[in-house]
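The chain below stands alone and is given as structure tokens, in the form predicted on its own.
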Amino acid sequence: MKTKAQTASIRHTGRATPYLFLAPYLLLFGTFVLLPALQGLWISLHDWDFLLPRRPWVGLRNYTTLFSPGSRDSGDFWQSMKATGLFTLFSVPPLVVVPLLVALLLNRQFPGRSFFRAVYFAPYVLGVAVVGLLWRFLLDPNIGLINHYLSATIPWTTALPWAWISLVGMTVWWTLGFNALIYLAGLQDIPRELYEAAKVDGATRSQQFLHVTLPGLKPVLLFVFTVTILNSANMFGQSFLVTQGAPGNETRTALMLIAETGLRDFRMGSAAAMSYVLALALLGVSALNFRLFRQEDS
């Protein structure tokens, strides 16, 4: 029979159990996310060159510079934000729609279904360096395989709109498998009874898709839409490896400019301020996205 002291000890341990399970995550989150974020905020308030002994406090000057027309960073920063917005605008629709069509196809019963699922997901396991070098070889205007087989001289990486077509095409090929996998999981969670009831009511396939599949996938669509926007807005490797920001700086995204400012020009304060402005912009887009989906639900 347990004594009062043993019972109190068990209750005390029970209260601590959820915090013990959360501790590893909180430790990693604090070490690798929260502390670097706070350090970045501190750096953004200084004229921070890590090669110099002194890093004077400049307050919000690194931020106000970005919003001052004609300043050193304003033009380049907003050009890179424009490039980021264009890539997001061009890439998100195909990255939301094409994986959904692939998932609908792969959700059916047919011979070799597992093989085709693996084929569509396989590119996603490749690193951005491998994908970038592969497509650089395929799209090179002079020695690329695509121009060779087309018997043409299309400037895939050196002129607009071909550079955007190249970046969006290779990104869709590379990442559609991940979104398709998320859609597949969502499709398998929709109860089959709903489709049977729709068939009994005489619903066609398109009506089943509109009134059963899409409502059942709404939480998955919100997740895919939000994650795809964030991933597209953080695009760096594709433009760095394939177009190198060409033509001019038209495809130089915000992350590419931030890396150049901080790691090539050694102006970490300005780079950190750019990072926070980009992060706030993405936070606003994500909040708007959640609000729109919530309004549709209501």
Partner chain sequence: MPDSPFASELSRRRFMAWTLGAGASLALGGCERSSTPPSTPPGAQGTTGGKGYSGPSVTLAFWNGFTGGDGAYIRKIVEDFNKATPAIQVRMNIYPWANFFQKLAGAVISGQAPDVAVMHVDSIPTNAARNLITPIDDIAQALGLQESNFTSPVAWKGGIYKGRRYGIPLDLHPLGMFFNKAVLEKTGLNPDKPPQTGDEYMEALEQLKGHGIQGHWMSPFHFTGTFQFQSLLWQFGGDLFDKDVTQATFDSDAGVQAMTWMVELVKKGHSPENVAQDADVIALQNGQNAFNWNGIWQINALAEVPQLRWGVAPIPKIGTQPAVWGNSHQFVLPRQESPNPDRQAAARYFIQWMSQRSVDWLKSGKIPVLRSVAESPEFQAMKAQVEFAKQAPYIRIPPAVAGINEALALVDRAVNLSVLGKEPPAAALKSAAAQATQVVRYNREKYGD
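Owing to the predicted nature of the structure, the values given are computational and were not obtained by experimental measurement. Positions refer to the first chain, counted from 1.
We do not show the form predicted together with its partner chain, though everything after this point is about it.
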Please state whether every one of the three residues Arg108, Phe209 and Lys218 places a non-hydrogen atom within 4.5 angstroms of its partner chain in the predicted bound form.
no
Give a yes or no for Thr158: in the predicted bound form, does one of its heavy atoms lie within 4.5 Å of a heavy atom belonging to its partner chain?
yes
When the contact criterion is heavy atoms within 4.5 Å, does Trp57 count as touching its partner chain in the predicted bound form?
no
Taking its partner chain as it sits in the predicted bound form, is Arg72 near enough to touch it, meaning that at least one heavy atom pair lies within 4.5 angstroms?
yes
Considering non-hydrogen atoms and a 4.5 Å limit, does its partner chain approach Phe32 in the predicted bound form?
no
In the predicted bound form, the residue from Gly85, Pro123, Gly169, Pro141 that sits within 4.5 Å of its partner chain by heavy atoms:
Pro141
Report the stretch among 37-45, 24-32, 240-248, 226-234 that approaches its partner chain in the predicted bound form to within 4.5 Å, counting heavy atoms only.
240-248
Would you give me the residues of 41-61 that have any heavy atom within 4.5 Å of its partner chain in the predicted bound form, in order from first to last?
Asp47, Asp49, Phe50, Leu51, Leu52, Pro53, Arg54, Arg55
